[in-house]
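Given next are two forms of a protein chain, the same chain in both, each as structure tokens and marked structure 1 or structure 2.
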Structure 1
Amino acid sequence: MKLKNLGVLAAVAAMAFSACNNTPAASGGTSNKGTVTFAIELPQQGSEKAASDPIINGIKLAVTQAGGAAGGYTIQIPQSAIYDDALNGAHDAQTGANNMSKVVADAATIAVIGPLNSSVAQAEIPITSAAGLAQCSPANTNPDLTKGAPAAQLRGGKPNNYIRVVTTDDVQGPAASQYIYTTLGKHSVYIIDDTETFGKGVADAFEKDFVARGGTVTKHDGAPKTTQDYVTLMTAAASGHPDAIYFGGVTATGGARILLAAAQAGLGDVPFVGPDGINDGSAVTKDSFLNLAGDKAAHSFSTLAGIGTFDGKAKFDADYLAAYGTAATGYAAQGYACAQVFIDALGRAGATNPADMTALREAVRVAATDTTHTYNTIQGAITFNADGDTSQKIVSIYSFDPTAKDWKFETQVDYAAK
């Protein structure tokens, strides 16, 4: 794995963003065939609201800037089509499944964007697959959602309907491992995960790569989100004298609580590194990792399983700020990209003049998962393979900026250049 110059990719992203803003074709021309719905399914309570809000805003911004139409159809995202899969302040797989049953039952819904968490996706994909509803996630990273026997079981023998615009944890975990081992120069690490599909998966991928590099894992603990006492765990971890801590999970499943416990146990000065699940806003964002961690976040780092900078970013950030009065954070651009994919797919599906909404839904699924089609998104040009995974295997690394009290972009790792 090596760092790669992303100038060409960024240029494509800039052109795609400009085209989405200014080209009449982006809106699909006259919208007179009817109205269709893009549904959104994300957690919107507790700390995960900080991660979901930018995605929702990014989706809406993309639809607005595309003229609110494609393929002759008007696109709507009513509040009733924005579903919350959180229960008691954290994502819940069964709530997500219940939501998705409602989504697929709405004949006007021809695509759904979400969810945020891979464990929720495991419960939802069988439902959207059975209904033939195109689903794009801006944040799911667990490999089993798309690869091998686990993915085949989720699909139940149906044609693929699920795509994602972020890369997978078998890339995100090693990218963090490389950064800790090579860039930070830390060769021993304590690992703790939240025992969930995403958290354990990314932690295991991190551990495998870290050990392969010659690093030492002092201990690897699993602690579910219901854990009440992290101090005891972190006190025991401190006895191993790790050079760094790697957390697999999200803010809602331990994140800042583990960091605070680590500081209490005497590990406050070692790097604390987590995946995209803790990159959920600045210190002023309510219930975000940085908000909850306070000044104990001084040595924190995070990754995002997608592109962090691109030539069109300044305009995107300005447009987002103008529209919502707040900065674009986390996976806002990935939400925008998912919407771009579906706008493009709807444009091509609409051109086939489907007989009814059922036929249109299927035409959108076929178009969205077409492995021969290139999408010019805000993230750059991407394709999807037969599993629904993006051709773009980029992970962004962030550090804590004590002045801005926010995540500061450090670098991008292009795993495709490995």
Structure 2
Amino acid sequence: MKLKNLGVLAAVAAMAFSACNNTPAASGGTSNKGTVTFAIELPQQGSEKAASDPIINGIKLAVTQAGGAAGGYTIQIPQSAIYDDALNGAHDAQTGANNMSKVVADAATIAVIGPLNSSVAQAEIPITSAAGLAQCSPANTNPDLTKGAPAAQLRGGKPNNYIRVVTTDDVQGPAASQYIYTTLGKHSVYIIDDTETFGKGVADAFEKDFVARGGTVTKHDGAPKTTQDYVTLMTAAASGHPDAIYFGGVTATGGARILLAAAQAGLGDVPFVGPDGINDGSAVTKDSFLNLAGDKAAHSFSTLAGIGTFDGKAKFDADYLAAYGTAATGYAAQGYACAQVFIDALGRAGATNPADMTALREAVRVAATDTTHTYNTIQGAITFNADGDTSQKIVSIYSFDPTAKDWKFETQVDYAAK
């Protein structure tokens, strides 16, 4: 409790000197090497705010619970180090790049957590990579960020600095496909995506896997978020008599609208499955999928590109509730895990006694991307491969719980062995 107060004090102090991140906050006495900053870079407007807030809280919770210090350094997350890449209500790559150039310019910042969206990450990784700043995303699922030639181009010949604690779309899509095909036993599906990076990526991965399993895709439509008339689309979809609907996208790009239109077109009883983009809180969360869908969500399922149940979940949920007064939703645990990884890395980097902040930043990057180190995170023991992808390839499946009006954890699929 005392430590938590200290954290708040430090944050307030930092806010007062809004721009001077380097100002050493009142330290707990245990650390004497100085103060370092964990920066956060997430969109904080509109419906994406609902996804980002739990992550920010999760990160802060992890730092507080770790005693706000590691490797002899005090860790702070001043308000000025929490960046918002949203513009006009939605994430924006250019804004993300602008933010990152500020993040890397701050000498005290030794790690950054974010962003939420893969398209923003594409603009940010070249910057953090050039600066050798460790970056951990709690939510980026696009395979191109870490794998193969596209990722190598983002890094621009520099050693890897980017890790993520969630698994990729090429796992999330197939997980949904496996669930629909095997568990739900539905062998024909209608696919609709929002024509955006994430939505189309995950829908394509889904389609590939579903076809490989022997399933039938009645149709694969693309409806940009500006689409007006979803009822027409769903009427056309209904003519193919699909057993299930798979939506690639997020709530803000049409998740609930498609569900409502599907109900009008006579597809109300057909399972509606979507990725983590629609797993954005319970029915009381403003702007969330369940809030907009109301009772029509009865047959909805969502996947989450991360672990849904883990050993310390009950305690984590209780701690989170106590600290923030709301339930931990979405990627809160992933934010917590990112912070844990960096706290661990800072501990090991601090042990090497780096000469200055520049050396420390590099030491943290090296420590964080160390492929031989096993991290004991809240989500369990994980390692990162040379690309920065997590060894934990678990996708959780959630279904709609009509009594709690919230997502209910169903099962999780582990792809690590596959």
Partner chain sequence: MTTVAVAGRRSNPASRFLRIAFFAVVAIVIYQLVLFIALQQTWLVGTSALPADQAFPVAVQQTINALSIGAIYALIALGYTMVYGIIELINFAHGDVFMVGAFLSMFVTLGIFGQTVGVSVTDIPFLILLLASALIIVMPLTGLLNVTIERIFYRPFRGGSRLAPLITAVGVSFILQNLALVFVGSGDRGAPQVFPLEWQIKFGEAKISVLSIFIFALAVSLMVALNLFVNKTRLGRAMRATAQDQQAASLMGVDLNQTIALTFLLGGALAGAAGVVWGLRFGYVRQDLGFNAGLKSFTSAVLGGIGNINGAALGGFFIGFTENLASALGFSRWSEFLVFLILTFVLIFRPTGILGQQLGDRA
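Under this definition, the rigid core comprises the largest set of C-alpha atoms superposing within 1.5 Å between the forms. Counting starts at 1 with the first residue of structure 1 and goes up one by one along its sequence. Model, not experiment: these values are computed from the prediction.
A.B. asks: Name the structure that is the form predicted together with its partner chain; the other one isn't.
C.D. replies: Between the two, the form predicted together with its partner chain is shown as structure 2, not structure 1.
A.B. asks: After core superposition, I'd like to know whether residue 126 moves between structures 1 and 2 (criterion: C-alpha shift of 2 angstroms or more).
C.D. replies: False for residue 126: its C-alpha shift is below 2 Å.
A.B. asks: Comparing between structures 1 and 2 on the rigid core, is the C-alpha shift at residue 263 2 Å or larger?
C.D. replies: Yes; residue 263 is a residue whose C-alpha shifts (by 2 Å or more) between structures 1 and 2 when the cores are overlaid.
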